[in-house]
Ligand code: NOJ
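The chain that follows stands alone, in the form predicted alone, written as structure tokens.
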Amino acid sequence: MNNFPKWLNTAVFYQVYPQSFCDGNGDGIGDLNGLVSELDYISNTGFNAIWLNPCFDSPFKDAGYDVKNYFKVAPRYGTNDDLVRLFKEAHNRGMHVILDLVPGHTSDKCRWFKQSAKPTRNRYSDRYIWTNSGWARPEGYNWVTGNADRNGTYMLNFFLNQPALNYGFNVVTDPDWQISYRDKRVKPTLEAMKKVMRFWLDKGADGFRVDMADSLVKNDPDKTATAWLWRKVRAMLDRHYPEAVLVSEWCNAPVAINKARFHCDFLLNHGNKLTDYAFYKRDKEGKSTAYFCKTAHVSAKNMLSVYLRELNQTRNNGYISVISGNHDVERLSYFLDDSERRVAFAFLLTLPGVPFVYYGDEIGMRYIPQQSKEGGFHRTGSRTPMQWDDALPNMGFSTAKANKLYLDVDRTPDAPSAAGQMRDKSSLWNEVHTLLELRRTQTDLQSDGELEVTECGENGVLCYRRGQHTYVAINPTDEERKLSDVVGSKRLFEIGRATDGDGFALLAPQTVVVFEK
């Protein structure tokens, strides 16, 4: 791949939700120094890159996705120097760190917005999207009226406290207040975001995961104008920061990668068939029809249909990234039991592209329904503190009293912990660790390696070739299945059991085998 950071070919990301990962100062909230103290755990597990959720100054109405100051670390996490130290300590371990960039909106407490809301025209007047009347509420958007002295209403990008930054409109239907995305009046918005990126890249950041990357230009149904803006960002990186990466929350790889020129586009749950059909799918009665549900007995065809097409369309231009989950969805354990998750992880970590694993998924942390926190609503149950050691107070997350924790830890008697899983040779953590080591040492299994599906039967069996010589065979069901090939060549990894017959193999229930031919 031309003009491409080479480190992405071997990268496997670990997503860290900073307020819930490790509390270094005992105030009940995770912080940057706590994260630094656990870098060895992340590295020893086998991850060599970190995606850090927003850590900038914020009123935290949306858990940090409402940025007040892009150039300042939120005091509850530490200081700018602490973030620089994180970069340095990660680099010393051969790891990379990307930050979470929120370019589509800010907090209404942001200095930019306070200036934009003034009635007298100034350099920030066009930084956000305003109508030209305090009574105007055009259809198709969400507006706030009466919250500023300026004679206008302003557009929201998501929550009530998140005014939309103004990158212009692709199709201008009301020229009284809409501005074209090519108009010089909106150019400073993109330049300001590029300034933010340069500020942190110069301090040691290795790139950015971009929140709601496809949301910038309004009235842009095909996202052509939004992609045009991101190409400008990519050109800046190619010229001045060629090793920095851009990862999009777009969930449309051909557009994000081919048109917008992101290095990676990760698959969440925005109608994407792979993750939906792999983990979440339910029928009308609520029964799981997900591929990795052992009683579903479904083919992998629906799961792979869109993915394979998009993989071929984006080959050599960028990576499709499959994730185990993240802070916006219920944890994987909510949908799949322990045995099912093991099979799913073997799939996730043997696909091409750059995988992302959400903190705690590697030890099977649970989704815990609870009262909303900082705009989390149902998502709050996926944001509970990392469980380090069941022999320590608060599972080792913090020395604070339980009622001072950001969120409470899982206090059920069988709650998993990192320490307990690392001691158990048969644990999920040890399987993930083994798979990551295999991916590190086997070139065929890394991000660039080719993918060819060799068998995708109605009986649920899936077999695919990675690179030139490496194969992965999967039986996710609770019944023995037949594979129309043998796996008697060199076996690199196996859970369950594969038994060769005369030109075929029998795969025991919930078996995954990685082998060479």
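Counting begins at 1, following the sequence as shown. Remember, it's a predicted structure, so these values are computed and weren't measured experimentally.
Below, we turn to the form predicted in complex with the ligand, even though it does not appear here.
Colleague: Would you point out which of 207-215, 146-154, 331-339, 107-115 contains residues with a non-hydrogen atom within 4.5 Å of the ligand in the model of the complex?
Modeller: So the stretch in question is 207-215.
Colleague: Quick one: does Glu431 come within 4.5 Å of the ligand in the model of the complex, counting heavy atoms only?
Modeller: Judged by the heavy-atom cut-off of 4.5 Å, Glu431 is well away from the ligand in the model of the complex.
Colleague: Under a 4.5 Å heavy atom criterion, is Arg76 part of the interface with the ligand in the model of the complex?
Modeller: Residue-level check for Arg76: no, no contact with the ligand.
Colleague: My question is simply whether Thr189 lines the interface with the ligand in the model of the complex - judged by any non-hydrogen atom within 4.5 Å.
Modeller: No, Thr189 sits far enough from the ligand in the model of the complex that none of its heavy atoms falls within 4.5 Å.
Colleague: Contact between Asp57 and the ligand in the model of the complex at 4.5 Å, heavy atoms?
Modeller: Residue-level check for Asp57: no, no contact with the ligand.
Colleague: Taking 4.5 Å between heavy atoms as the contact cutoff, choose which of Thr314, Asn394, Gln162, Gln421 touches the ligand in the model of the complex.
Modeller: When the ligand is considered in the model of the complex, the option within 4.5 Å is Gln162.
Colleague: Just to confirm, with a 4.5 Å cut-off on non-hydrogen atoms, which of Arg127, Lys281, Arg261, Arg383 contacts the ligand in the model of the complex?
Modeller: The residue in contact is Arg383.
Colleague: For a quick check, can you give me the residues of 57-87 that have a heavy atom within 4.5 Å of the ligand in the model of the complex?
Modeller: Residues within 4.5 Å: Asp62, Tyr65.
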